[in-house]
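Quick setup: one chain, the form predicted alone, written in structure tokens, and binding and motion questions come after.
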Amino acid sequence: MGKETSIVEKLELIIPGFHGYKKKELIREDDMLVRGKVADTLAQAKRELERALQRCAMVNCQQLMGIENLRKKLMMLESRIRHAEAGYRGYFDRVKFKEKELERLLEYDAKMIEMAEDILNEAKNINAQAANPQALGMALLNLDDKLVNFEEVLSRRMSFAAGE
């Protein structure tokens, strides 16, 4: 039996070029890589909802506004992540990292990537359920819950990274 993969190793496997915040001069770059990966995944989810809107319109379903509202929420989250100031200056300007703080930041990163993947999967489910009103309604509620939870984690990570 092999050893368990650490959070840093998992992130390095998921995000090409990620260094695990190990080198001071690459910290901002690592932060941008993580946020880029999360934003790209949310952009994919947004495209799934755009396809779901088209399919929903074809079958005249009643959830067009619900899908559109979630698409807008995804667009806002993607933009918030992608265009956040590189490196959250307050945190990354520090010269030294404490191991505990670094571990917590890595945990936030891993959680955000995992949640973004869950959001993408739920968006795909919505796209697949466009012709099934009851299943579509439940999928929309599930995605809304996932987006609310994601926003909370994102806010906590940004506050932590800003040194608050």
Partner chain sequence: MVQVIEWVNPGEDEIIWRYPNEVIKWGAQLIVHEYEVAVFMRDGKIYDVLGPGRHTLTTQNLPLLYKLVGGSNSPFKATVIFVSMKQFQGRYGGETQTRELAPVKYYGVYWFKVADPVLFITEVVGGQSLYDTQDVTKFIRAYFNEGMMKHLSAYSIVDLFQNLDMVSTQVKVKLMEDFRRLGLELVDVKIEGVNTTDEWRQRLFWLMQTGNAQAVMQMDTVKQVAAELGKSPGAGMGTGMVLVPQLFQQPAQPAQPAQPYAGAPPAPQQPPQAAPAQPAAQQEICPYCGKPIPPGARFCPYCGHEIKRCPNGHIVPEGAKFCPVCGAKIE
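Predicted, not measured: the structure shown is a model, and the values here were computed from it. Residue numbers count along the first chain shown, from 1.
This next part talks about the form predicted together with its partner chain, which is not shown.
Of the residues given (E68, E101, D40, D118), E68 alone sits with a heavy atom within 4.5 Å of its partner chain in the predicted bound form. Note on contacts: among K124, R28, K46, K111, the single residue with a heavy atom within 4.5 Å of its partner chain in the predicted bound form is K46. When its partner chain is considered in the predicted bound form, N60 lines it closely, a heavy atom lying within 4.5 Å. Its partner chain is not shown here, and in the predicted bound form it never comes within 4.5 Å of any heavy atom of K73.
Residue contact with its partner chain in the predicted bound form: L53 places a heavy atom within 4.5 Å of it. Not displayed here, its partner chain is approached by L64 to within 4.5 Å at the level of heavy atoms in the predicted bound form.
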